[in-house]
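One chain comes next, on its own, written as structure tokens: the form predicted alone.
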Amino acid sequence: MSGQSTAAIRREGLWSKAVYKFSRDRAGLVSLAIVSIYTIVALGAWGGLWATEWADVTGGKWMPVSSEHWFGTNIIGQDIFQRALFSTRTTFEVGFVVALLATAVGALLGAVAGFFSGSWIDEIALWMMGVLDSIPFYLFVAAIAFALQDNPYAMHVAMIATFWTTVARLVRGEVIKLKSLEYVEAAHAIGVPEIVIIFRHILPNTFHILLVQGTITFVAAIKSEVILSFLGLGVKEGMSWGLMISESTMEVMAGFFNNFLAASAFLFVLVMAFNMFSDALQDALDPKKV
């Protein structure tokens, strides 16, 4: 049996066991259902199926909860529920873009650093990660977002530049272990180019790490977006939960809490569900757990 076939069997065994373990995790299934509902809400808002009047003035100032306005209205008469639904779209856009790109950059640099561990390539990669990790997270993100504040993607760039290091460290460690396995040594022996070995024979076996880290990065991205938007360094166009909380500061002082509670509740439920989903996924993909 070839080394590549052995690696493929190893991957299939890991994924089949992971599916079985995840299917028996009630908390994981509940969290997956909640995340799926949020995803449907985000897709519907993106497709214009609902929350199309999030910016329109549809009522009076600070109207209470009613059948017409489920969460009431804000200070200028905009429907809070529609704004919260539309903000779900913004959250998923930011979360998925940042998680995907940060994970991809971390996987690439981590794989190269791990494959050439001990070389100058590895030293440069470790130096970059060390420098970025030594800077306080929110200070670094806020500095980049402020420096690029005229760019609509400034917040995305800031978070991607910050989040890739954790992924890279984990992938680097895994690649160092994988590159000593027989199927990789066999590929070396028959003259397979190093770039092919990295992308075809090694990186696919780190996908379980990337999947878990992608979910963790998603949660970190949406929490960071809320903080940055609250500070005025995040979303500039459209609406987000961070902007809703920022807008509610004056309303809370006036005794109106609907805007704040709606954004906070939507954020809390999604973050808790994604954290539970990430934990369940990590347990399912952990080969040390039966």
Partner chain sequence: METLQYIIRKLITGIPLLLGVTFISFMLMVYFGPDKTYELLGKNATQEQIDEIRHQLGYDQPFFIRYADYLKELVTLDFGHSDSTGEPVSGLLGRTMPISLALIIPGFVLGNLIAIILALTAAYHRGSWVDRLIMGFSVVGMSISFLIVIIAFQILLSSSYGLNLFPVRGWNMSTFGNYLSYVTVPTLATVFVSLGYNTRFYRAVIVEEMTRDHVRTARAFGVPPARLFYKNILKNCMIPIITRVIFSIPLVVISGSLLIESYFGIPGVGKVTFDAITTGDQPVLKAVVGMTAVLFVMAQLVTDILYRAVDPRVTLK
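On a predicted model such as this, the values are computed, not experimentally measured, just so you know. Numbering follows the first chain given and starts at 1.
Below, we turn to the form predicted in complex with the partner chain, even though it does not appear here.
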If the cut-off is 4.5 angstroms on heavy atoms, which of these, 35, 45, 235, 245, is the one near the partner chain in the predicted bound form? 245
What is the one choice in 30, 49, 227, 40 with a heavy atom within 4.5 Å of the partner chain in the predicted bound form? 227
Going by a heavy atom distance of 4.5 Å, is residue 199 a contact of the partner chain in the predicted bound form? no
Decide whether residue 18 counts as a contact residue for the partner chain in the predicted bound form under a heavy atom distance cut-off of 4.5 Å. no
4.5 Å heavy atom contact, residue 275 and the partner chain in the predicted bound form: yes
Does any heavy atom of residue 136 come within 4.5 Å of a heavy atom of the partner chain in the predicted bound form? yes
Candidate spot 142, 260 and 271, all three in 4.5 Å heavy atom range of the partner chain in the predicted bound form? yes
With the partner chain left out here, work out from 191-199, 84-92, 123-131, 100-108 which stretch has heavy atoms within 4.5 Å of it in the predicted bound form. 123-131
Given a 4.5 Å distance limit between heavy atoms, list every residue of 242-273 close to the partner chain in the predicted bound form, or none if there are none. 245, 249, 252, 253, 254, 255, 257, 260, 264, 267, 268, 271, 272
